[in-house]
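Shown below, as structure tokens, is a lone chain in the form predicted on its own; questions about how it binds or moves come after it.
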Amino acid sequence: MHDIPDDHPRAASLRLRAAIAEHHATGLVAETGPISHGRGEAFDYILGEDTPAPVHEDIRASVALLLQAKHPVISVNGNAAALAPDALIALAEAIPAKLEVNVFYGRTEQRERQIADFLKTHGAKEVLGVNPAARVPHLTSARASVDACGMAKADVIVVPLEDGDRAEALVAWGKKVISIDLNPLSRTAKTATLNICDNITRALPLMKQAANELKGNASEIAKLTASIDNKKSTARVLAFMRERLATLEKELTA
């Protein structure tokens, strides 16, 4: 899997699969991590493995929300760490925002520390979420544990590759949630303050770019955050998918 030629038509996708497989073997990625990745990859095919124009708009609005926040936090699970460690760190530095480990399956202090240490080997100066003491109200899963200096006091939280129960609980707790989820019909995507329907490896660099462009532009930031409507954004993405599938159908039957 690691000998993937650059001219292979699915080289980028195969490299992401290889990263998930490699880090599953080390324990960084949970046993169900490859399943989650495959589900997202299926939706990415429908997008054409590219970031649609409406999602570019959602990315700018999400970054405006982060720049407006007093205590922004980026949540990191095993899949996110395996797929985009450098991009997660770069975005956190650009905002700036805190990085915090949060996982669902096999949550132990050892695994939390493994993910935190992995991010630190990629240059992260601080990673929260190792043996955290605070809890998300009305949430019983392992993901309820959050850092008192991170998500517990955060006003805006980025939750890439998230599960829906915690996204719902975070919103109910009064947090603004930015999800990165290729499935626009997932509970996470529908519950979030704003969902970015894109591959995390494309979305994060675009978010960093937007942060650099928007910093200091208070009027544009205010305009973008005021226009956030997750139902409208989701509808636009679904319309894009429908139109693309109709185009592909016509090509096959022409």
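The first residue of the sequence shown is number 1, and the count goes up from there. Only a predicted model underlies this, so the values are computations on that prediction, with no experimental measurement involved.
Below, we refer to the form predicted together with a small molecule, which is not included among the displayed structures.
Leu206 falls outside the set of residues with a heavy atom inside 4.5 Å of the small molecule in the model of the complex. Proximity of Lys190 to the small molecule in the model of the complex falls outside the 4.5 Å heavy atom cutoff. In the model of the complex, at least one heavy atom of Asp181 sits within 4.5 Å of the small molecule. The closest non-hydrogen atom of Thr32 lies within 4.5 Å of the small molecule in the model of the complex. Heavy atoms within 4.5 Å of the small molecule in the model of the complex are found in exactly one of 92-100, 145-153, 125-133, 158-166, that being 158-166. Out of the listed residues Leu214, Ile46, Leu65, Ile200, Ile200 is the one that sits within 4.5 Å of the small molecule in the model of the complex by at least one heavy atom.
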